[in-house]
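There is one chain below, alone, in structure tokens, taken in the form predicted on its own.
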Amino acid sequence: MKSNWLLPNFFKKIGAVIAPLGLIVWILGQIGFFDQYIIGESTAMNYPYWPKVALLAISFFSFFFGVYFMVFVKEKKEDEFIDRLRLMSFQRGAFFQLFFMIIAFIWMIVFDKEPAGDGGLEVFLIFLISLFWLFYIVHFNVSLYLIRKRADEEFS
């Protein structure tokens, strides 16, 4: 099966760099790590918010573009087996996300706990969406590595 919508293989390395960097900068920006550099000595009431918003937006979308680059990329040897493994990883990622979502919402209902703080629910939902893609990336690449390792051992 020919997949014309996949990116060339070198995008995987680009994604492996910008996704973690984007995530780290976004998390640090959310907890206010960069506020001292953006705000300086002024109070929170008299500085424009656009530098922080720009930093958060750029880092957030860098993370998601990096994930996109790691997920939708051709392998060096693209065949039917890779397509099946990709589909299986998508299915297991969806199941894992659904299972985690059900457990998390049951936990919130039973223990009357919700994500706290400003934007706590939004961050939780972003994590929930990211969980699917991160699970897919780990499952696909680990499975591919283990299968190739086993094949190399059998032919050696």
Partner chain sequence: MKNLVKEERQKINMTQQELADKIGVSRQSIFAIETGKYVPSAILVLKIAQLFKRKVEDIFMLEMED
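In this text, all values refer to a predicted model and were calculated from it rather than measured experimentally. Numbering follows the first chain given and starts at 1.
Omitted here: the form predicted together with its partner chain. The next part is about that form.
For the chain shown alone, I14 is not a contact residue for its partner chain in the predicted complex, no non-hydrogen atom being within 4.5 angstroms. The closest heavy atom approach of I82 to its partner chain in the predicted complex falls within 4.5 Å. When contacts are judged by a 4.5 Å heavy atom cut-off, L144 counts as touching its partner chain in the predicted complex. Residues with any non-hydrogen atom within 4.5 angstroms of its partner chain in the predicted complex fall in just one of 144 to 152, 130 to 138, 6 to 14, 20 to 28: 144 to 152.
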